Ligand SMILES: CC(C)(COP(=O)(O)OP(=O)(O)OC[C@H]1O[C@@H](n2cnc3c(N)ncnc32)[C@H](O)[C@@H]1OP(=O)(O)O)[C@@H](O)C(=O)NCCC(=O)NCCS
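Here's a solo chain for you in structure tokens, the form predicted on its own.
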Amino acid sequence: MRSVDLRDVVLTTPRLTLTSWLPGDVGPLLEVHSNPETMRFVRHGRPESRAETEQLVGCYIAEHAARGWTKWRLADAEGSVVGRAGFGGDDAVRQLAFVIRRSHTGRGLATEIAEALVGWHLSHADGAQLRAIAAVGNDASVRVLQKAGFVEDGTEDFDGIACHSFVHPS
């Protein structure tokens, strides 16, 4: 990882940069997480409050420092936050996850970052299995995961949400 300002740059793609978070990123992430359309398939479709977003950014900062991976800050070429992407889970099973700002969907950004994160995982797997879920009805995310090489292996309930379950055959 290289550093830009005080951020660690995790990876770059032709149009995106994935970096660590700073406390000042609460506002830009809140813009993403407070949009009902963006959150339609995330956390029961409920936009998040500022307090919830502050807690998330703090958690992401702590996870990145402690284990070297989290759900990182996703920015476009101009440095504007377009979402978050990375991994949840634990050292045995990582869950690939992404949220893209509604105004930036339909441009292939989710596929671009998902494929890059699969590559990052393969280089930093330490034996961890790679999985992902997509809420039933979220056909766009299902297509993204399939393009990134994931194979559907059933359904599961995630926090009361019916989801397609995927595994990466890496």
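The structure displayed is predicted, hence computed values, not measured ones. Throughout, we count residues from 1 along the sequence that is shown.
The same protein also exists as the form predicted in complex with this ligand; that form is not shown, yet it is the one meant from here on.
Looking at 117-125, 38-46, 63-71, 23-31, the stretch with residues near this ligand in the predicted complex, meaning non-hydrogen atoms within 4.5 angstroms, turns out to be 38-46.
Heavy atoms of residue 58 never reach within 4.5 Å of this ligand in the predicted complex, leaving it off the interface. The closest non-hydrogen atom of residue 50 lies beyond 4.5 Å of this ligand in the predicted complex. Of the heavy atoms in residue 105, some are within 4.5 Å of this ligand in the predicted complex. In the predicted complex, at least one heavy atom of residue 140 sits within 4.5 Å of a heavy atom of this ligand. Using a 4.5 Å cut-off on any heavy atom, the residues of 64-102 that reach this ligand in the predicted complex are, in sequence order, 98, 99, 100.
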